[in-house]
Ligand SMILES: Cc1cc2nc3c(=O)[nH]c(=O)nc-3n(C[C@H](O)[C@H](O)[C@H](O)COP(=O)(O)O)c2cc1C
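Single chain ahead, written as structure tokens, the form predicted on its own.
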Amino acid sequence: MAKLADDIMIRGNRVKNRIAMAPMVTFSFRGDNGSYYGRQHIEHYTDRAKGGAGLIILQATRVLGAAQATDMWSADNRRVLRQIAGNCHDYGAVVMMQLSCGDMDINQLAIDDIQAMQADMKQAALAACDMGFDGVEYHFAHGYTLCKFIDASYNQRTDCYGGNALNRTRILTDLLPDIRSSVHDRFIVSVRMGAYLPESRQGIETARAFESAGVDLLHISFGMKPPETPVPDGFICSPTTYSGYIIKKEVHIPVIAVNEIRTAEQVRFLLDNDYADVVAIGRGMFTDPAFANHVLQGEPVNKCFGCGGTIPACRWFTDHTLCPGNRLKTS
């Protein structure tokens, strides 16, 4: 069983501990000179790397425009992203970009539309590698476009992108050989997905399909909606967090657990009981950039207050300066 301070090798990358920073959009940040990314983002991710996170996964970046170096892939944005990757490495963190394909009805997409999306998906991975990132995580969760492909109840396509799990994952798995041939050998390809697609049977089939295709890491959140299934007696985290264990038992690649994990007790519980290989912290790292170091050193963490328990109620997402935990930290 993994312990908190144990390292873990992921495709030849040594992750120095079992605490990851989960991808979370910083909605109230503003880029520089009209770009999306800027100084605030550099400081944000650098502080969490300095704070001890072994793995950092950047917020979702839309792949749209990657093939043309436009939108979020412009030269100004790439300069900032390159700086983020370098700063995270300076503090010993492995750092990845999360890649998103927006929110579209996949049943209405023409084959040409899907192929254009795939071109951006591939080029985004190559650009991330060129900028110094250690890997990418494709965002197949939370009801967005890629999630709709892998959910057996939503995906009604009758072509090669619909039907069984091999077809439903094809939008990525068809790209993997080309990506692998264009990046270095240690470049990580990860998938964030749910365990219920819509039932656990389809989730397990999908996870195995990704693993068989060569995906290195699975980050288990939720699919079209959060699960409401009961957790075992004594399990101190959410149904979404427990769903990561459902997948972990069925695959041989590392699995990240996530969702409403805010305390050292929860982190240690998940690792000590072999529920996950890595534990991802979301809003707990918003309020405490040094969350990882504090937990590793047995020190108190700066508390996330929950603010109602849901992401829409989280004040950080509306305006990070209004977060009560952040105000407490800086007062």
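Being a predicted model, the structure only gives us computed values, none of them experimental. So that there is no doubt, residue numbering starts at 1 and follows the sequence shown.
Omitted here: the form predicted in complex with the named molecule. The next part is about that form.
- Looking at the named molecule in the model of the complex, residues 27, 98 and 281 each place a heavy atom within 4.5 Å of it.
- Proximity of residue 118 to the named molecule in the model of the complex: non-hydrogen atoms within 4.5 Å are absent; the residue sits far from the partner.
- Of the heavy atoms in residue 296, none are within 4.5 Å of the named molecule in the model of the complex.
- The named molecule is not drawn, but in the model of the complex it has no heavy atom within 4.5 Å of residue 123.
- The named molecule is not shown here, but in the model of the complex it comes within 4.5 Å of a heavy atom of residue 139.
- Shown without its partner, this chain lists 64, 42, 290, 60 as candidates; in the model of the complex, only 60 has a non-hydrogen atom within 4.5 angstroms of the named molecule.
- For the candidate set 221, 190, 77, 206, a heavy atom within 4.5 Å of the named molecule in the model of the complex is found for exactly one residue, namely 221.
- Only one segment in the set 83-91, 105-113, 257-265, 67-75 has any non-hydrogen atom within 4.5 angstroms of the named molecule in the model of the complex, and it is 257-265.
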